[in-house]
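Next comes just one chain, in structure tokens: the form predicted alone.
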């Protein structure tokens, strides 16, 4: 087996892992869900869900990766040997690799849209289009989404950028990209937050976001918060496990998990400050669809002072967030080929990148360019019509929750508690209290919470997309 890469230090790992967690969902899904659930109290429940569900599962993933220094399949195959279930636990690793393959195939399509909008912004065309809501809507839906060549072209371009980052390895590729993009991402985000403070909607946005309004909270909001906490952190698909496998022994697993969760949650809350300031300034109707980023928001942002500049920076922000996520998804799949198939990194990255890119063409053409792919219904649900929506439904409602549930059960019940404790404490002071919390959460709290998500999908018809 070829020598395994490592992060240069703790900072490289934190930035790369935070980049994996921070994505398009932070910029549109979290603000949408928070808005639908009346703000303040929901944010507090969300933070509680991150601590009780997201943080323990993230810690478990990183722990498994660092302990084995293997890809998801190899990690569970190694740790499962001689335990209840044996090498069958390798199936959990295959689930994660499959989820990474599927999610990247359609996620890169949406990520490609940001490149198109950045190009339009540089050409000076986006400002003109955004000044006329009807023109932008027509351009995006009837022109851009229905143009198969553009959809495939931008998808391939973004996949090429992703392959380029992963191709050069952990330290020289992934970490270097994270160290450049993540500071820029947060710099743009902070600028937009400061800018939003100058809008009339900033004060009501802050009041809405941080008021303790538990009397207005619906019971269903608790499950929404749990679901958002789980999905926002990129859990259940092996990304944190894979990145954890490149950690140095002197880096603290629990501390790293806390820092990643903090950065991801902070990103979501700052995105809410920006979005809610816009919403309250223009009395904007909020949509669940990710297309709000490409239709409604530009028409609003362009009305602000220096709107053209703000608009361009916004899509650079979205593009950076997307790229740091796609890099981690490709690394999950590539690491499997490197460790299990004994391929070189270059062969694994190029082969898997091309395979995912080709598969992703189906999603790229299913948004209006090809009627057959647009109407294909894989799960018998009208709301999941089309290849793109069907794959998103499969990943968000089945692959990720099942993966997260099984990881919690594996570390909580299958691994020896002393083995887990030793790995957490390796090179660090004893942490009896935090280990007790983690063990309880992985055995009971996290499985019950993620199980509730699956229950709502199976029996209540809920959909997390």
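Numbering follows the first chain given and starts at 1. All figures in this text were calculated on a predicted structure; none of them were measured in a lab.
Beyond the structure shown, there is the form predicted in complex with a small molecule, which is absent from this document and is the topic of what follows.
Residues within 4.5 angstroms of the small molecule in the predicted bound form, judged by any non-hydrogen atom, belong to 328 to 336 and to none of the other stretches in 136 to 144, 86 to 94, 370 to 378, 328 to 336. With the partner omitted from this view, the residue of 320, 231, 158, 246 that lies near the small molecule in the predicted bound form is 231 [heavy atom within 4.5 Å]. The listed set 314, 276, 107, 388 contains one residue whose heavy atoms approach the small molecule in the predicted bound form to within 4.5 Å, identified as 107. Taking the partner from elsewhere, residue 24 is found to have a heavy atom lying within 4.5 Å of the small molecule in the predicted bound form.
The small molecule is not shown here, but in the predicted bound form it comes within 4.5 Å of a heavy atom of residue 103. Interface residue remark: residue 237 is counted as part of the site for the small molecule in the predicted bound form, having a heavy atom within 4.5 Å.
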